[in-house]
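Take a look at the structure tokens below, where one protein chain is shown in two forms, each on its own, as structure 1 and structure 2.
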Structure 1
């Protein structure tokens, strides 16, 4: 036997081992995304149905259910018994009846956002910390000047490169108290248990009166206040492509210390759980693409 004949099988085994490791890592990442609500369980089931050989398709039904929020081993087993699905099944190997009953169960327990028919010229862009809301908003400001981008007031200090009046109105606590007392804020909130943020009301009212579309880039608390004050507003939730990517972005930007990063990630977990309160979900995998999707919604709102 030649050296080549002896080497090829070893190379093949090494390559197969690497692929197996990559597959396990991909499934582990997918489980985190399901747990953190970065991806909906319905979307995972649809991908598994479309491609049984995909990462989603290769996931066992038992692992899939355990990755869902508030589903433990006991609940998982009861669900499988109720739906009459074998615990050895993989998502990509479910039969038509099994897929149907599983999807019905998912829709009942984890309802997806339902876009409303009526649209508003007041758009609200929110999402978890470090998802890139500001970057997407800045792209829209630069490429779509017809959209009025609201500038928030905040009591936090500016980050490197931020300009007062462009990125935020940087104010002290006394001025922020005055804005609240004089009812000059459409919404305001304490974010990450530290700084206060708020949206000045007058520029928004003026822009809407002039027939413009207004985009607010705010946090979850603010979005809820806007929905309460302006029920017709269109709420858009920006998602990261994965939980791992969200963590990478937060660590990579280097603007917070370790304690602050941990606090923001805890907050992000809670924010992701609120995405069903929004009318539209947009994944920020590419800034230009995400910005385009927001602009498309603004075009629809203006009709």
Structure 2
């Protein structure tokens, strides 16, 4: 064998090894997304079916099931037996019957949001901390003046550049107490164990009466209260593009200590688990696109 013949396979092997590492990394990242509910298992199965060579398609059925929230090894093995799927299968290599029974099992265990047809013009945008809902709302404020963006009352002090009556109504504790006592808030909550935030009811009623779409950018507790008060409200949950990206946005420059970092990640995981309570999921990969999708929902939601 000549030298030239020997060097070519060397190069190929290096490239193949690099690709294998990248794929392993991508599969590990996908597993985290499944565990943290950043993607639905059904969406992963669909991508695996559409392209058996994709990261999703190359995932072992055993790894897929184990990555799902609250599925341990014992449960995984029982499910595979029940569905009669061999543990050596990859997601992209499932037969038609196996795909169907797996999807039915996923639908029963991890129900996806079902669009409820025509909804009210009251839109609520929520999502995990640091997912960027404030940025999406600010984008809508700037580009879609036809949408009434609710201005909340808060007891936290203004940040530089924030204007009273535009970004928030900055009030003291006594005034916040009065707003509650006079039933002037549609919802209110203590956010991040610190300040109180609430949605003034009157401007929303006026905007809805004038035929406008109203958008509330509030936290999870607030979204639940709006759902209870106005069951027809359209609840939108903003998702990060991936769990790794949310971690990056949450812990950012790494200035927090390990305990604070762990606390934030626990909170985010809990918040992501609430997405099933929402009517629509929108991925915030790009702010303008996510904002556009919210606005689209507002025009499709009648009444």
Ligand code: 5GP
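Note that the structure is a prediction, hence the values are computed from the model and not measured. C-alpha atoms forming the largest set that superposes within 1.5 Å between two forms make up the rigid core. Residue numbers count along the first chain shown, from 1.
Answer for which single form is the form predicted alone
Between the two, the form predicted alone is shown as structure 1, not structure 2.
Is residue 263 one of the residues whose Cα moves 2 Å or more between the two structures, with the core superposed?
Where the cores coincide, residue 263 still shows a C-alpha shift between the two structures that is 2 Å or more.
Could you check whether the CA atom of residue 167 moves 2 Å or more between the two structures, using the rigid core for the fit?
Yes; residue 167 is a residue whose C-alpha shifts (by 2 Å or more) between the two structures when the cores are overlaid.
If I superpose the two forms on their rigid core, does the C-alpha of residue 179 end up displaced by 2 Å or more between the two structures?
Yes, the C-alpha position differs by at least 2 Å between the two structures.
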